[in-house]
Ligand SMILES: Cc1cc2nc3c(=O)[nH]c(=O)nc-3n(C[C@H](O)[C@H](O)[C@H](O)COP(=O)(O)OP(=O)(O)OC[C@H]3O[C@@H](n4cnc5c(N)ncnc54)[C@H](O)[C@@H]3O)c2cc1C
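Only one chain comes next, encoded as structure tokens, the form predicted alone.
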């Protein structure tokens, strides 16, 4: 094997560092490879086939806990051309595998452009697109995967190819939201948005007014303009220095969001201003580069577990149910119990999109808590179970891939006809089932 495709086994120096995932789950693959070239990826895949191993593609490992056991698997973590390339005339980004969002967002902003990134600047760009890609511009511009122009891949047989609308269109369709079961992506090209400034911000209130905040926000979402994308959270904030002092270590309720149209953003803030006196609130014009950190997701690895579902037709009864399950008197220890606003362009089929051409639901419901030891893990699991039982009447029965949890499959994300198409594409490009991913078919 070349230096660009060095194989790391569990007895080798560096194994424990290389196997680390963002959620700090205890993944123990048979071997690990961190290739730095496309040829290195080819070598690694050839090695796996020769050793009778499966292959799991991974960059940051934000959903590593959803992977199956890896004792017979090569964990493949490509780190290729991590400096993003921006073509401002074409409004196009080219990003190598292993790149996280922060350098891409900053490089695009230097040209007055923005990407359809998610809520964390340390998530991997490739995996985000493979799972659909849900961000703060979504209600106006849809899922990020449908802004992809091309993927560069190495397939299970070791062949290198470029995949786009005209070349391997079926594989192109599957990779846009169908996950990592079809090939190893070594680079991705996607469109950028001509956005240099937005109206955005966040408000935090004492958890005691959670019901009022949720009721006001839900009422606003029912007629919200597409230019605004928001989220609601009940939070138990840790006493860390990274958390702003006014809310550090406190149980709060929060609304944050971004408006591409500043007038629409100000109209939202006028609604929020009538609820109660916030602990902290800051809204106004902000550079597009700041949006990647607005949600305040942890930027360093955290031992956490979560659960998610898609929600339909939220009724007023859901307000009391969710606050009772996650609010201040519930005893919930979850870091966040969250509803992310969908609708707008996210709910309209993209006629030229991938398998994730839209998201069917009004909200993504998501809960996450710590799993630092067996005791905190058990408490988090109990809190998650209580919350998702409370909102069960409004669940659609569907999942969104980017929020995948252990035990979910692609069947939970897509209709039967799409699943059959994905199975056929997987059989064509990976007939031996070499690849493993957080969600299987």
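The model shown is predicted, which means the values in this text are computed figures rather than measured ones. Positions refer to the first chain, counted from 1.
One more form of this protein exists, namely the form predicted together with the ligand; it is left out here, but the text below deals with it.
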All three of 78, 183 and 400 touching the ligand in the predicted complex at 4.5 Å, heavy atom to heavy atom?
yes
Partner contact for residue 367 in the predicted complex: the ligand, 4.5 angstroms, heavy atom:
no
With a 4.5 Å heavy atom cut-off, would you call residue 67 a contact of the ligand in the predicted complex?
yes
I'd like to know whether residue 340 contacts the ligand in the predicted complex, with contact meaning heavy atoms within 4.5 angstroms.
yes
So in the predicted complex, is the ligand close enough to residue 118 to count as touching (4.5 Å, heavy atoms)?
yes
Select from the listed residues 261, 164, 157, 297 the one whose heavy atoms reach within 4.5 Å of the ligand in the predicted complex.
297
Could you work out which of 322, 359, 126, 234 is the residue within 4.5 angstroms of the ligand in the predicted complex, going by heavy atoms?
126
Choose from 408 to 416, 379 to 387, 28 to 36, 50 to 58 the stretch whose residues reach within 4.5 Å of the ligand in the predicted complex, heavy atoms counted.
50 to 58
What residues in 409 to 441 sit within 4.5 Å of the ligand in the predicted complex, counting heavy atoms only?
437, 438
